[in-house]
Ligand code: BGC
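Okay, here we've got a single chain as structure tokens, the form predicted on its own, with questions on binding and movement later.
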Amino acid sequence: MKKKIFGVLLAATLTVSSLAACGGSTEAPAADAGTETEAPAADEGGSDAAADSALADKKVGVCIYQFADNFMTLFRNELESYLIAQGFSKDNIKIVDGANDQATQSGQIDSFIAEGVDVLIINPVNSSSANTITDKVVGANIPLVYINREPNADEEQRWADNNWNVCYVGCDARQSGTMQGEIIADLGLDKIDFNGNGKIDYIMIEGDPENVDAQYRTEFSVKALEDAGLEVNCLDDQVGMWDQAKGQELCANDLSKFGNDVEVVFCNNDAMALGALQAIQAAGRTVGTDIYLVGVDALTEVVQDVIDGTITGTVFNDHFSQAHSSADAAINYLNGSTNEHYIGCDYVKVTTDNAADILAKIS
């Protein structure tokens, strides 16, 4: 399916309008399944807008795959704040935690349908469940906006073929993987090849293998190295499920097993990169001196680590643009308009060259 990619962030120095202040903590609050968030205060003037807007009476149901995910915490907080600023009543925005369990999330979707919500925004636990979710929501005549975890191309084609009010908002994970690989490739073989074998010896710590983001980041980070003419050697490839503690465990095991042959650690997200950093430091290794480490998301703590030189680089996964575009798509449906079935944005490579600028935008 042809994807329409919006050039939201094309430069290393960001120019992002109306960036609401967003908590930069990398510690996401854990929550029981079905837990609702309390809406943050709207931007200045948001309460007046809510009182006057036709959107104030509209009910929005939001399903997040897991509240304990660092990035999705940033995303849902920004989404909620932006919805309120656009005129929705905070009492009519309900955000629930799927607790990384598809059965739990499916029950939450059923409850939203029974409650008669006007629009659903869903971050699916399993992208492979999108077909079932779509049929259920479309059958209830409720517009649907998928976020962050992209359904497959066949599923997206169904939306177009049937002219359904269903769309996906997110970044193309192939771009983020490519940027990870480029961060490493740009260092040059001489700087990376500590063991002198002429290859880039790496370990890969993946997210959820069912998630297309994990699949693409894994594939395209390595492809970028190969496209740069570098020979690669995968020492290990393990699944860390986006979790910091798991990232630490897997990296520690590999450092123990492969020792100084580990030259690069690729992590599909920043949470696992933070765990890997703990393992690297515990093993007496030093990022930038005898090993390199990259992640994705540009969490505040990780961007600071890039500035400090303790993480080589990350990739900004623009939660501002994605949250705003998701809300705007929902509003279009509620207003009787349509959307492109794929609404995309760009990632931004984060290195020491622009990390301070990125940090200023997300802090």
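We number the residues from 1 along the sequence you see. The shown structure was predicted, so the numbers you read here are calculated from the model rather than taken from an experiment.
Absent from the display: the form predicted in complex with the ligand. The rest refers to it.
K.L.:
Verify the contact flag for Ile84: yes if a non-hydrogen atom of it lies within 4.5 Å of a non-hydrogen atom of the ligand in the model of the complex, no if not.
P.N.:
Because no heavy atom of Ile84 falls inside 4.5 Å of the ligand in the model of the complex, the answer is no.
K.L.:
Under a 4.5 Å heavy atom criterion, is Arg149 part of the interface with the ligand in the model of the complex?
P.N.:
Residue-level check for Arg149: yes, a contact with the ligand.
K.L.:
Any of the heavy atoms of Met72 lying within 4.5 Å of the ligand in the model of the complex?
P.N.:
Answer yes; at least one heavy atom of Met72 falls within 4.5 Å of the ligand in the model of the complex.
K.L.:
Is Ser321 close enough to the ligand in the model of the complex to count, meaning some heavy atom within 4.5 Å?
P.N.:
Residue-level check for Ser321: no, no contact with the ligand.
K.L.:
So if I measure heavy atom distances to the ligand in the model of the complex, which of the stretches 273-281, 108-116, 210-218, 188-196 falls within 4.5 Å?
P.N.:
Among the listed stretches, the partner-contacting one is 210-218.
K.L.:
When the ligand is placed as it is in the model of the complex, are Trp242, Asn269 and Asp297 each within 4.5 Å of it, taking any non-hydrogen atom of the residue?
P.N.:
Heavy-atom distance to the ligand in the model of the complex: all three under 4.5 Å.
K.L.:
Are there residues in 298-325 with a heavy atom within 4.5 Å of the ligand in the model of the complex, and which are they, in order?
P.N.:
The stretch 298-325, when checked against the ligand in the model of the complex, contributes only Asn317 at the 4.5 Å heavy-atom cut-off.
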